[in-house]
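In structure tokens, one chain follows: the form predicted alone.
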């Protein structure tokens, strides 16, 4: 992490601590994206519901205002922030079982079956809250953000095309393993360094949902978009557990209601978001190539999933195995 980023995070945290005593009705909520991206839209819906139904104010902190992802998690665990929205991609270092969301070809890419899985999953709604609680976090919800695509400098139609290609991944051990199984050289980098690393050819590609590729202008420094169908980006809203437990029953219910309102809204909001973002990219850069792998081409990537599952179980033991088996059962319940 850059010194400047650490300094920003520490300075901002100190300012928040200094004002906390005089702002008892203000709840602070940080997330990993811009205010007009999916997490920001979710946070705005949450904030609007809280403020419309109580005397509380919710102060939102988009990406970068309080540092990187690990900064905002530390601030939430310390009670400086009351809420944090963070992907299991980063939380996986804290809660290894959360890395299950990076087993390739486990989740459907998009659609009602995926949404129903997030609504009804026993793993998400019963098992994961217990794991998050062990780290001082109240897991309020998990939700999808869109099918993950690769954007690369070179065309990709098979794992062979990723050979010796440095692909940026989040600092997540299982995602590293997944791209290694795909044949790439996985390169963990903080998000703030990715555009420049692509620009200078330090890396040759990255993965993200399409809306994020468009909003962060990743297409400017890559030439090819590939739909491999290997994942849907998942994120989670958490509260500092001590803060949540100290709330009145009325305020706890208010938080849960606001979470549900934002959850329902964001699922509807995302309908067509991938395609509209792709249209915007192609208008801005008509030379961008878009490849949707055929079933046969996709199978070569799918064949790597078994080794990644085995690595996940090795990392997490019986706890991870139980989570993985339950998720598969939950997914079968909404797809059969």
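Residue numbers count along the first chain shown, from 1. Treat the numbers as computed from the prediction; the structure is a model and nothing was measured.
Not on display, but discussed next: the form predicted together with a small molecule.
Just checking whether residue 237 would be counted as a contact of the small molecule in the predicted complex - the rule being heavy atoms within 4.5 angstroms. Although the small molecule is absent here, residue 237 would stay clear of it in the predicted complex, with no heavy atoms inside 4.5 Å.
Residue 208, heavy atom within 4.5 angstroms of the small molecule in the predicted complex: Yes, contact at 4.5 Å.
Is residue 145 close enough to touch the small molecule in the predicted complex, meaning at least one heavy atom pair within 4.5 Å? Yes, residue 145 sits close enough to the small molecule in the predicted complex that at least one of its heavy atoms falls within 4.5 Å.
Using heavy atoms and a 4.5 Å limit, would one call residue 90 a contact residue for the small molecule in the predicted complex? Yes.
Going by heavy atom distances of 4.5 angstroms or less, which of 182, 219, 117, 233 would be at the interface with the small molecule in the predicted complex? Going through each option in turn, the one that passes is 233.
Heavy atom within 4.5 Å of the small molecule in the predicted complex - residue from 191, 244, 227, 132: Contact check passes for 191.
Only one of these stretches, 255-263, 164-172, 76-84, 133-141, has heavy atoms within 4.5 Å of the small molecule in the predicted complex; which one is it? Contact-bearing stretch, as computed: 164-172.
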